[in-house]
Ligand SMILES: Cc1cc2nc3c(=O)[nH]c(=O)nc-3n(C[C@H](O)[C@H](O)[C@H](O)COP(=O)(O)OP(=O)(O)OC[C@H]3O[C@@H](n4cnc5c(N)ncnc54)[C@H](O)[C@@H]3O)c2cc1C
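A single chain comes next, written as C-alpha cells; it is the form predicted on its own.
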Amino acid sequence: MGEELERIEPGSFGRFLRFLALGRVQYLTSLDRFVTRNFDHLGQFLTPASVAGIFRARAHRRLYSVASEFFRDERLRAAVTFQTMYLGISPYESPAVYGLLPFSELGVGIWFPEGGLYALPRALERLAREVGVRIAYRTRVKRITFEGQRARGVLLDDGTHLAADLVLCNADLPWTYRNLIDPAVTRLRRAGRLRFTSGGYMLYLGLDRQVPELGHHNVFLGMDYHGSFEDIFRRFRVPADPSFYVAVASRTDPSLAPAGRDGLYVLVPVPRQHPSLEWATVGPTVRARVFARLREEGLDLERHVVTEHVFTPDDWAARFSLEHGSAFGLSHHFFQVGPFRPSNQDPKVRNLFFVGASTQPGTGLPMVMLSAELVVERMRREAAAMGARLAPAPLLAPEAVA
C-alpha cells in the first residue's frame, strides 16, 4: 500500500496512516457514544461528552473536505471517500465521521458468510424457529390496527386479524407511515422534508467462464467524480460515466458458482425514483455503460453472460416497499442521525415499534442489525410497563458489531 500510494503522491502514505488513525477515533467514538444506544430526547444526545465526541469524530464537517486535508491527488481523495455510497450518500454531503468506513475495512476487517449474505437471514430464521417464532411467508399485511392510542395488531390482505400486545414493523419506516398507519392516529413528523439515499441499479450475472482479473471486491470510478454525485443527488440523472462496484463472491466462496465459472454482482449508484426517470428506458443505458467500461478495462464479459437478473429503483420500491426506491432508506445527513432520525418507537403509540435502515441508528447491514438490538431494548421496557415478559437480549459488543 505504501509503495502504491507513494507512486501516486509522494508523502501520501504517512498521511494515509494518519487518516486511518482518525477513522479509528471515529469508529470507536461512534460505537461508544452514538450507534449502540437509544436516545429518548435531544438532551441525552447533546451531553458534554457526546458534543465532544461530535467534534472529535468531525461529525460537523464534510468527509470530502476532511479527506482533502490529507491528500492532494483527486484519485486518492476518491479512494478514501467513495465508501459513503455504502450508505447511499454523497461524500460531498456526508458527515466526516464516515471516515470510519475505510478504517473499518482495513483496520478491523471484512467478514463474508459462507453461502453468501443470504446465509444471514436463513440463520436468523433457524434461530427464530428454535425459540418458537411462527413465520408466515407470502402473507401481506394490509394495515396496522389501532384502538385509541394503542396498536392492536395487523390486518392481513385475506381479512385475517392478528392481535398483538406489541407490534414491530420491519418494512421501510416512511413507507409504513404512508401505507399501513392511519394518520389520524399517528404520523411521521417532517415527512415532507426527509432526505433519502440514492437508488441502486443492480446486475446479477452468471458467466460461462471465470474472470481471474477480478478480485472479490472491485471498484470502478468514473472520471467526473464530483459531477457524478451532482447527477445522482441533485440533477436526478444517471452519470454519463458512472462509478460502480463489482463483487465476485465466488472468489472467496467457490460454492457460489459452478466449477470453472463466476457469478458477478454489479451495483451502480443511481438516482432514486424521480418523475424524469423511466427505468424501463434508462436501465438498458446503464447496463450498456457498465459493459463498455469493463471492455475499456480489458474485460469483454457481455458475450459470456449466460444468466442475468436486473434490479432498478422501481424494483426496490415494488418488491421491498422502499420509499422512492431509495435502496438504503433515509439518508445520513447530520440532522437525520441520532435523535434527529425517526425513532424506533412511535412517540404517540407506545407499543408500535420499527426496525431497519430508516430508523435509528441508521442504514447499512451492521447498523440494521444494531437497530434490531436497540428496538428489543425498547420493547422490553414497554413490555415491563405493561406487565408482559420478554427474554433478555444484551446489546452486541463493539467487537461483535465489527
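One rule holds for the numbers: they count along the sequence shown, beginning at 1. None of these values were measured; they are calculated from a predicted model.
Absent from the display: the form predicted in complex with the named molecule. The rest refers to it.
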property	result
Three-residue site 151, 166 and 330 fully in contact with the named molecule in the predicted bound form at 4.5 Å by heavy atom	no
The named molecule contact at residue 237 in the predicted bound form, heavy atom, 4.5 Å	no
Contact label in the predicted bound form: residue 92 to the named molecule, heavy atom within 4.5 Å	no
Residue 31: touches the named molecule in the predicted bound form, heavy atom cutoff 4.5 angstroms	no
is_contact(residue 108, the named molecule) in the predicted bound form, heavy atom dist at most 4.5 Å	no
Which of 276-284, 135-143, 228-236, 73-81 lines the interface with the named molecule in the predicted bound form (heavy atom within 4.5 Å)	135-143
Interface residue in the predicted bound form among 290, 171, 185, 249, criterion: non-hydrogen atom within 4.5 angstroms of the named molecule	171
Of 257, 181, 267, 299, the one that lies within 4.5 Å of the named molecule in the predicted bound form (heavy atoms)	267
Partner contacts for 309-340, taking the named molecule in the predicted bound form and a 4.5 Å heavy atom cut-off	316, 319, 320, 321, 327, 328
